[in-house]
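Single chain ahead, by itself, as structure tokens, in the form predicted on its own.
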């Protein structure tokens, strides 16, 4: 995809505030002195996270009460204590990339995120960090999305990783992604939970868990300048979350990812160790086949997870 097309898709106003501020740098080669101070030169390769839950199972919690949805989901998985041990540092990556309010259904439901923060702290977590790299003004996104208030009320810390010092250079060894500035917080976490919202995206049809991971990379624009779908797939193969929780309570079905757009409610929250499987299930809620979301089969081909839902056990609670 040409950058000009991407600009058109997001809208000029948003772009002027957002991607311009992203810096659009890669491989730590920027002349920006601030970036040089913040980013390290150490290459490292992340081992995929080892899931503690059954990888062949998806848990689908149904309902409308945020606390109940999260409680039911973790209970069906086997309990939060199996994932979060005493003294652990937990990083949660929701989507608060756009300055929309919760009722506009373009960002992860803050009450769901807060419910996960509470569960982690109750299990003994030392710290729970909630992070994203918004397109536009981070302070506005944190406030408008309701994430900051909800997370802090739950005892966690929410912040935007919109400066170079939040990243370190890693060797992803991909065809598209090679030396990449990736989130330090995620690499250093004991537990990493990816927490996307299911919604429309004008460039990839949908944004789900795999695409949500782009908010952990400093130069997100590089994906759009090269091969967006392949880049997302390679990112998925590089660092798998310990758990993906898909907010499919409601989301925009058009004019994404920014919105506003028409909203549909599914009243579901999907829990899974396999990030490809979670996205495959999410695609079906939109009436699409998983293979129609281009980066999902590509990620499966790279070994990031299972595309065929019939090979999985889907448990509704």
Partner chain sequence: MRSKQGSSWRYMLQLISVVAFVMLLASLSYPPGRENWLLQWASRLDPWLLLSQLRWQQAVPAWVWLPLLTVTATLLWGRVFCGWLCPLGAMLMWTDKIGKAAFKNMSPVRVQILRTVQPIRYYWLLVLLIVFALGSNWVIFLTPFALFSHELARVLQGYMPWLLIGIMAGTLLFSRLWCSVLCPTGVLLSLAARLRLFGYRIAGNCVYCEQCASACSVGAASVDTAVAQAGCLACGDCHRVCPAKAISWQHRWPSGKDSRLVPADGGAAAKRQGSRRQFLKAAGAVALAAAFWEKTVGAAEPVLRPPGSLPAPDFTAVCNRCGRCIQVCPGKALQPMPITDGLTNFATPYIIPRQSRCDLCLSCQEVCPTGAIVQVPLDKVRMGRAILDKSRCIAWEENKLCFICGEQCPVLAITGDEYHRPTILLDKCAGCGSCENACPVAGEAAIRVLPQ
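In this text the structure is predicted, and so the values were computed from the model without any measurement. Numbering follows the first chain given and starts at 1.
Although not depicted, the form predicted together with its partner chain is the subject of the following passage.
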Practice prompt. Report the residue, out of 160, 121, 187, 143, that has at least one non-hydrogen atom within 4.5 angstroms of its partner chain in the model of the complex.
Written response: 143
Worksheet item: Between the options 164, 221, 155, 174, which residue brings a heavy atom to within 4.5 Å of its partner chain in the model of the complex?
Response: 221
Response to the item:
Within 4.5 Å of its partner chain in the model of the complex by heavy atoms, the stretch out of 122 to 130, 188 to 196, 223 to 231, 74 to 82 is 223 to 231
Fill in: Distance check, residue 242 to its partner chain in the model of the complex, heavy atom within 4.5 Å
no
Discussion item. Can you work out whether residue 139 and its partner chain are in contact in the model of the complex, taking contact to mean some heavy atom pair no more than 4.5 Å apart?
Written reply: yes
Worksheet entry | Contact of residue 89 with its partner chain in the model of the complex (heavy atom, 4.5 Å) | no
Discussion item. Residue-level question: is residue 203 within 4.5 Å of its partner chain in the model of the complex, judged on heavy atoms?
Written reply: yes
Worksheet item: in the model of the complex, do 135, 255 and 260 all put a heavy atom within 4.5 Å of its partner chain?
Response: yes
Worksheet item: What residues in 91 to 110 sit within 4.5 Å of its partner chain in the model of the complex, counting heavy atoms only?
Response: 100
